[in-house]
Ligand SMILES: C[S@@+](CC[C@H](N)C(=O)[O-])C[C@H]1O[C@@H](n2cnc3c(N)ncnc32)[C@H](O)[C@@H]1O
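Just the one chain here, the form predicted alone, laid out as structure tokens.
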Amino acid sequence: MNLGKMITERRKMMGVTQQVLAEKLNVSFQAVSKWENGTSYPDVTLLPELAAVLNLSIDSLLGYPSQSQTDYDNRYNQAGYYWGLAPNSICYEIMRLKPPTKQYRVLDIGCGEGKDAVFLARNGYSVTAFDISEQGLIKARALADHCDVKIDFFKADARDFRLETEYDIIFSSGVFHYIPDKLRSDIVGNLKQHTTQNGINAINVFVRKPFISLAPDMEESEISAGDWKSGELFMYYHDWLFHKNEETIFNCNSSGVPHKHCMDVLIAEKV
């Protein structure tokens, strides 16, 4: 994606006009229009401020791939769906707690190839979803088209992205272990702030146990983020109503080599 398209997509996703973006950057709306049309580019001294306003890193704004992007693009660039098509069991618990008697707004953080986002959309939810992998999003959009559902997919890094609008349900599976410890409080605080009253957050995260070896396909970005401790996720939501807070150990074969994971699973309601 070129710079102009990135600015356009992020601005629209945040629900702001060219005029509002221009005012935040102290430039004319004509300048923003030219950036988005590709007829001119922002001054290099504006890039840090522009990236901050759009909730992106400068690398992400300029379209430089991170290592995790490359890793997941490689995983998803194959026939079939890497994680399969069966929805995560948390999706059924979301439906039990918030049955789609109306079009609840759902955000799927790190949607991968879209299986959970599509499942929720097929069951009547209004779904927005993002992922760091362009290849994953290509397959997610194809799956949504095949199932004849409308989902607002966009590309973003969960470590950079911050919400500007509210959602009734925020869901994330297999993503939080990439979030560095120094960003966790800020990111969770942003999610909580932009969850509607009586809305829910449904999140899982891998936690470290000394008796479980590191997964053979564990990435450097996971290691550098720092371990999540048992119960750490729950503590960030200590002031919410817990519908589920459990820790489980399960077998996994995602790399083709059998191994184990320990995972904390939380479903909490803002009351």
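Bear in mind that the values here come from a model prediction, so they are computed numbers and not experimental data. In case it trips you up, residue 1 is the first one in the sequence shown, and so on.
Below: the form predicted together with this ligand, not depicted.
Colleague: Using heavy atoms and a 4.5 Å limit, would one call Y81 a contact residue for this ligand in the model of the complex?
Modeller: No, Y81 is distant from the partner.
Colleague: Residue-level contact is defined here as any heavy atom of the residue lying within 4.5 Å of this ligand in the model of the complex; does I170 satisfy this criterion?
Modeller: No, I170 stays farther than 4.5 Å from this ligand in the model of the complex.
Colleague: Decide whether F119 counts as a contact residue for this ligand in the model of the complex under a heavy atom distance cut-off of 4.5 Å.
Modeller: F119 lies outside the contact set for this ligand.
Colleague: Does the 4.5 Å heavy atom contact test between A158 and this ligand in the model of the complex come out positive?
Modeller: Close contact exists here: in the model of the complex, A158 approaches this ligand to within 4.5 Å, heavy atoms only.
Colleague: Can you tell me which of 106-114, 145-153, 120-128, 188-196 lies within 4.5 Å of this ligand in the model of the complex, counting heavy atoms only?
Modeller: It is 106-114 that comes within 4.5 Å of the partner.
Colleague: Please tell me whether the candidate spot formed by S133, G174 and Y178 is one where all three residues come within 4.5 Å of this ligand in the model of the complex (heavy atoms).
Modeller: Looking in the model of the complex, the three residues S133, G174 and Y178 all sit within 4.5 Å of this ligand (heavy atoms).
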